[in-house]
Every structure is written in C-alpha cells, then in structure tokens.
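Below, in structure tokens: the form predicted alone, a single chain.
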C-alpha cells in the first residue's frame, strides 16, 4: 500500500503543475489588469497614473516575462507563500486554512448522511422494483435534486422559521454540532441523494442477477440476509466512487449555501474571489480544489479492497 500511495502522489505532481499552468496562463492573458484592479479595490485616486502602475508592477513582479512569473509563483507556492489578495488585506494561505475546515466539516457530514440515507433507499427501491415505492423514492429524490440551492435555502427557511417556528434564522458558524448547522447540512444532502439512490439501485439490480445470489436464495436465506451478506458489499463499489466525487464537490462548491446562511466557508471565499477577479485567490482556490480531487480519488481507491478482496492496489 505504501508503494501504491507513493506512486499516486508522485503522479499527482505533474497533474497539479498542469492545473496551475493552465489557470496561471488564463489569469496572465486576461484582459483585466491586476494592478488596476488592485488600485480600484483600495480606492486609490491615481488609478491611471502610469508611474504608479509601473512601480506596483515592479513591486509584484508583473513586469517580468511570463515564464519567470510562473516559475516564481511555483517556487513561492511550494515554500508556503501563496501571496495576498488583490486588495492586500488577506493572506491567501491563511484564508484557505481558515475557511476550508468549515466547508470540510459540512461537506463530510452531508456526505455521511447522504450515504446513510441514500444506500438503504436505493436498496429498497431495487427490492421493490417497478412498484409505487420504487417510483416514489427515485422520483422524490430526483425532484429534490432539480431544485437549486439558492431556491431550496429560502424555502426551507420559510418552512422551518416562519411556518413551523422550529428554529430561529440560522446564520454564522458556531461549530459542526451546533443546531444552526442542521439546516445547511440537510440542504447539502438533497442534491447528491438522488445520485446515491440511483447508483445503489442500479448496482443492487445488477448483482441480483448473479449466480451466487440465486444460490443463496436457494439455500433458504431471507431477502434481508441475502442483501446484507452478498449483495450490498459487491454493489457498493460504484456507489463509493460516486460518493468520492460528491464529497469533494460538497466541500468546494457550497457558494450559495455560504451566502444564504452567512457561513465563512470555502464557498464564500471562492465566490468573493471570482466576483472581485482576485487572481491570486483564484489560483489558490484552484490549487486546493485540485488537491481535494486527488485525495478523494486516492481514498476511494483505498476503500475498494475492503469491499472486494479481489481488488488489489498496484502502483
């Protein structure tokens, strides 16, 4: 396993370099001048002063050739210096380290709840194939998936706060186990729930047709025992793959949710960066998102052998 992990991390280096090269190139050729954006963000009156602009370019190295700028950027990033935001008020690495754990907690909690609810529902839908219960489970989760977060959030607030009076308006962040996080986590589960249900249903139906399942039934095992002992373990491989991508997406893509509930998470940092064309922060966000994808894919690969002993990890 150590050899496999070492090989994966070595292969991840050129992938990260390629991502950083592409994003850096896009910001370099962008028609928006980062120096003028910086002056605009800081409300500097001499925004069109050529001498001031030239001096800031030299200070930040923007007057150097493209290759030199990219090499310097890679060097600083590896050393832990991710730069500062375009308005000069935030250290990018510190901002990421402050916001990412919040979104990671919400994303992992939502992914866990999605798995605990979606896998049993998908298995139940497969057992009751083409029945009203099957249509209700699959159709209901698909309906929840089609409603955007920026619509579902206000609707849930109206229901739980104004109609049912079960809670006050949940805003801010006071820890994962605070009651304020209940509603954001529930809303996060609605989108990926349909994916897990459909993946589980399809995988269970495919395993149902295998010879060893018919043999288990012929031996007198109940449907529940057959499902738990022989079906789910083999059916979960595609579900785990889907959950890996879902988890990464929940961590990195909670833009609307952070705004609705005033959560100082990674999504809020990303939204502000793209809205303000804050190129240094955008580079840092892209790098973190790429690392999350690589880590989740590696974790999924490590789980495969526990579900199916026939799967081996090879470098």
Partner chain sequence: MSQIAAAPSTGANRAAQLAALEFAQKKPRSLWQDALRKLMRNRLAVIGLVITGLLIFTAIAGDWIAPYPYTRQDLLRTAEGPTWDHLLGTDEVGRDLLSRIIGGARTATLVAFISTFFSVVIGMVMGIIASYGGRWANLLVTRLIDITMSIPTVLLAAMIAATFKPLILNQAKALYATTGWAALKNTGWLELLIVFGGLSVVFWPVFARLIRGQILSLREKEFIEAARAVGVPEWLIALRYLIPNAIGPVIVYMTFTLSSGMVLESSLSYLGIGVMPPQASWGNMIQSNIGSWSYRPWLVAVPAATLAIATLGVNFLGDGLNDALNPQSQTSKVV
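None of these values were measured; they are calculated from a predicted model. For clarity, a rigid core is taken as the largest C-alpha set superposing within 1.5 Å between two forms. Residue numbers count along the first chain shown, from 1.
There is another form of this protein, the form predicted in complex with the partner chain, and it is not shown here; the text below is about that form.
Contact with the partner chain in the model of the complex holds for none of 109, 134 and 179, as no heavy atom of theirs lies within 4.5 Å.
Shown alone, this chain has one stretch from 79-87, 94-102, 152-160, 120-128 that lies within 4.5 Å of the partner chain in the model of the complex by heavy atoms: 152-160.
Interface residue among 174, 75, 215, 146, judged by heavy atoms within 4.5 Å of the partner chain in the model of the complex: 146. When contacts are judged by a 4.5 Å heavy atom cut-off, residue 18 counts as touching the partner chain in the model of the complex. In the model of the complex, residue 245 approaches the partner chain with a heavy atom inside 4.5 Å. Contact annotation for residue 282: at least one heavy atom lies within 4.5 Å of the partner chain in the model of the complex. The partner chain in the model of the complex is not approached by residue 69, whose heavy atoms all lie more than 4.5 angstroms from it. Once both forms are fitted on their rigid core, the CA atom of residue 186 lies less than 2 Å apart between this form and the one not shown.
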